[in-house]
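Okay, so here's just one chain, in structure tokens, the form predicted on its own.
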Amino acid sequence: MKFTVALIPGDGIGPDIVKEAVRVLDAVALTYGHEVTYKHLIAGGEAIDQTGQPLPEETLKEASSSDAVLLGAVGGPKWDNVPSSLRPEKALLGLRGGMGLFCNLRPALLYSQLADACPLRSELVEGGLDVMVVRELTGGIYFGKRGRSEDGAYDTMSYTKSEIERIARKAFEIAMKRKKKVTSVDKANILETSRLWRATVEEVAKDYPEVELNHLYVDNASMQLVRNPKQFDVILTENMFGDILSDEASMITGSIGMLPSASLRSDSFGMYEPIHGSAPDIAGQDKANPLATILSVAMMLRYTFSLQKEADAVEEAVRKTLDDGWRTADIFSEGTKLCGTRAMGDAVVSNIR
């Protein structure tokens, strides 16, 4: 199989971690007989420095014409004082909106090797934890009408039925490949958009009779995530609620450095990135944990290229690396082997081959 991947390393540790993820993808291609071509693109603070814009038109054009995008991280204190319209983070919104990426997948997976890092009592996560947050990405309050007056401001949350239906179908399709359970999160006791959300999700559920559907208000859902996280399989929710709940779910796993994400549209195209930030304080020092970015490659192989065996191989290589005791500083504990970014990449590549 031949495919083209756009690489946007970005800022801070972005280039460090993307480099290791590319080495892993190359190892997969060599082992399984695929051919990968790369496009090297800029966005975020690096793009501001070079072009004055966080998302150059050429980057969006070239990324859109690729089969998938692998993103590192954007932003950092260096660009804190630029105008809000030119913030590095605007590149993320521009990429998501410009490429029609409406579905954000945020897995929260607690690896047994890192169970001690979980902040919850051990009995709450005994046997492991595997939750998938499916977040609507291009609607809601982040994209609604907004404004300010001399003594006030407003942000508008709005959704159409079609926007809700397409993200709901993604959630149910993913649930069909997991434990066949969807928890839809809203605030239907107060918000009209949430009432439409709940009604539309229930309509879509009729096409997936094998999937169990239940509803939770967002405040209750946030409580249940720390009270009994194992009750969840797929969590479906709108943009702002998903932004908050996915971060909460990620911290239950104990390390933000281990978690990948995917942003998808209605076809197979997607953008893949770790959920952590750019960590400029350790950039270029061989200290960053590349595993979240490497696991983002596994998601790319699974969701864009439908290469299940290859995706499983990457995830198993990560597990084997953890079993062997290798740890970067963010996940290091007594009795394990401290290593740098490059050595962690070496170990995963070795376990694939």
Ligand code: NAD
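None of these values were measured; they are calculated from a predicted model. All residue numbers refer to positions in the sequence shown, first residue = 1.
The same protein has a further form, the form predicted in complex with this ligand, not shown here; the description that follows concerns it.
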- Item | Contact residue in the model of the complex, chosen from Pro107, Pro229, Gly94, Gly76 - any heavy atom within 4.5 Å of this ligand | Gly76
- Query: Exactly one of Leu196, Ala279, Ile174, Met157 has a non-hydrogen atom within 4.5 Å of this ligand in the model of the complex; which residue is it?
  - Reply: Ala279
- Query: If you check in the model of the complex, do Glu89, Gly257 and Ala288 all have a non-hydrogen atom within 4.5 Å of this ligand?
  - Reply: yes
- Note on the structure: Exactly one listed stretch (107-115, 268-276, 126-134, 177-185) reaches within 4.5 angstroms of this ligand in the model of the complex by non-hydrogen atoms, and it is 268-276
- Can Ala21 be called a contact residue for this ligand in the model of the complex at 4.5 Å between heavy atoms? no
- Task: Just give me the residues of 1-34, first to last, that have a heavy atom within 4.5 Å of this ligand in the model of the complex.
- Result: Ile13
